[in-house]
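Below you will find one chain, with nothing else, as structure tokens; this is the form predicted alone, and questions on how it binds or moves follow later.
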């Protein structure tokens, strides 16, 4: 039975790059079902690619093959791999950190290097700058169509040797503050998505309706500090008001009702962005 093939890149749709990947995949098997995760990852942002895989993968059937191409090291000695996850999915990607969040939260149980002598688009060996088309789309399509098994991708690699980006774990400070990171933005709406789990917050006594002192810093410089309320939904606040909420990944989010919190306060996401929470006791 054929598996779905899901594509993610930083290519955008302003030229023919993504279309070429579709063409290669369909040349392998014209009956493949191909879908897009996103092609709007910011250029070269491996962290974002890693996070978007985590955001999406659980909602696809076991056996689905993801091709993720954010590859600033294309043409270098970085490895081209296929990972099998603990959830039963496959990810075709450069080994450059793109599997960081999957390995951290879901688990990678097996890893193979793509053998380009058999799993590369024929007559493409002199091309060094479009492995998304020549290697990843081609190998991913062969795997999704059932033309090759996972074992036939190439030689086995040690999962523990995967390249990983640094992840900052949430923690509780001595003064009772909860410290986390702003992992990424909900880009279209300007919400901040943190790494603070709902279960962690509620285990520490937080609940809906609590007033919380929120401090956001970048490289230790405070850029925002204010009192916000943890809400069930945006509609519990007036338009333009800021709030805390639990997002679709069961993580704490920061938002502005019908506005962009990120734009209003010039906040982004990534390893340099920190959030601190302290529940305010009311008299």
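All of these numbers come straight from a predicted model, not from anything done at the bench. Residue numbers count along the first chain shown, from 1.
Beyond what is shown, the protein has a form predicted together with another copy of the chain; the following relates to that form.
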- Message: Which is the contacting stretch out of 96-104, 118-126, 81-89, 149-157, given heavy atoms within 4.5 Å of another copy of the chain in the model of the complex?
- Response: 118-126
- Message: Within 4.5 Å of another copy of the chain in the model of the complex - does that hold for a heavy atom of every one of 33, 74 and 188?
- Response: yes
- Quick one: from 242, 26, 214, 217, grab the residue that has a heavy atom within 4.5 Å of another copy of the chain in the model of the complex. 26
- Item | Residue contact check: residue 133 to another copy of the chain in the model of the complex, 4.5 Å heavy atom | yes
- Message: Within 4.5 Å, heavy atoms only: does residue 229 come near another copy of the chain in the model of the complex?
- Response: no
- Query: Taking heavy atoms only, is residue 60 within 4.5 angstroms of another copy of the chain in the model of the complex?
  - Reply: yes
- Are any of the heavy atoms in residue 17 no more than 4.5 Å from a heavy atom of another copy of the chain in the model of the complex? yes
- Item | in the model of the complex, residues of 191-210 near another copy of the chain [heavy atom within 4.5 Å] | 198, 208
